[in-house]
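A single chain, nothing else alongside it, follows as structure tokens in the form predicted on its own.
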């Protein structure tokens, strides 16, 4: 752990994060009469350079993705330990691995629109890096790798992706894997690896963030899986280990239905959230609002990172905060595009990080 190295980046982030959109800023975008007006309301914000060059308002997704990518790239350049940031960003690389693997298994071309451009590797770089793996070889290493460089971090992510790719291919040879199983294998691989990066770095707050994220993901899956009637064996196969709530206990609780799930979270941080989710599911009520509560719980947790004066946590928090912000903008802009009433759009918004 070298938290003193983060002093300068944290100072920069303290200034940059003042540009995060407040609830009042989002309200101005929401109050706009139509999609064009909503984009106009963003002209004087961080998003101005991205929305101003759109050829058509309906292409707002392009502007939002470019804005997030710019944030990721900037944070990576600021980070004295880029792997810390690369581990978070790698969730998009692992998503792209899902898209690629499922296309290969179906023997169809991967759908271009299914890829994300927010990872450490472009989809094209990922496909190129995985070519040697099919011949049982390791990804080609760059000629020079400076310690604690962006290049070294990207290569470490590449090696992890290659290892997961090889494991999934090996399992597919033994028996056919469903898309559901591929998703589960890759999700577990990502969170296990990212948690190990934070654990080895010694940044306890980051490790706690990812452990809590695992708890929330597993809780949402448990409630949804019960609702859909997914078998206990299938559910146990998709659970992600490494959270504060033991995955094996949750698998056992799941066998007893909703009440068993709620009992597993008793006395845990998410106890009240688990009880509300179970109650709404049992009553047949929509879970959309509850899932928003789950997302808000994650925002509140990461927001605590801003209180840490030295270390990667405030930098990590800023990147996370921009992503939450973009998610809210996507909800608003998509709602405007689909002519959804403002009050309905407002009900879907997540809590702001700012």
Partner chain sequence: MKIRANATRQELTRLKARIRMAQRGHRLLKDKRDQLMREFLSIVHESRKLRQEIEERLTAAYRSFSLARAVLSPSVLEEALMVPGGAGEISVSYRHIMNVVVPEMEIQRRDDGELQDRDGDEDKGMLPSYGLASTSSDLDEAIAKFQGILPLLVRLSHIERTIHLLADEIEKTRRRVNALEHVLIPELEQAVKDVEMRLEEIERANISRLMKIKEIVRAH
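Residue numbers count along the first chain shown, from 1. The shown structure was predicted, so the numbers you read here are calculated from the model rather than taken from an experiment.
The form predicted together with its partner chain exists for this protein as well; it is not shown, and the discussion that follows is about that form.
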{"query": "Interface segment, criterion being heavy atoms within 4.5 Å of its partner chain in the model of the complex, picked from 121-129, 243-251, 139-147, 218-226", "finding": "218-226"}
{"query": "Whether 237, 276 and 351 all lie within 4.5 angstroms of its partner chain in the model of the complex by heavy atom", "finding": "no"}
{"query": "Any non-hydrogen atom of residue 52 within 4.5 angstroms of its partner chain in the model of the complex", "finding": "no"}
{"query": "Partner contact for residue 88 in the model of the complex: its partner chain, 4.5 angstroms, heavy atom", "finding": "no"}
{"query": "Contact of residue 151 with its partner chain in the model of the complex (heavy atom, 4.5 Å)", "finding": "no"}
{"query": "Residue contact check: residue 23 to its partner chain in the model of the complex, 4.5 Å heavy atom", "finding": "no"}
{"query": "One residue of 106, 268, 166, 255 in contact with its partner chain, assessed in the model of the complex (non-hydrogen atom, 4.5 angstroms)", "finding": "106"}
{"query": "57, 298, 287, 30 - the one with a heavy atom within 4.5 Å of its partner chain in the model of the complex", "finding": "287"}
{"query": "Within 4.5 Å of its partner chain in the model of the complex: residues from 90-115 (heavy atom criterion)", "finding": "95, 98, 99, 102, 103, 106, 111, 113, 114, 115"}
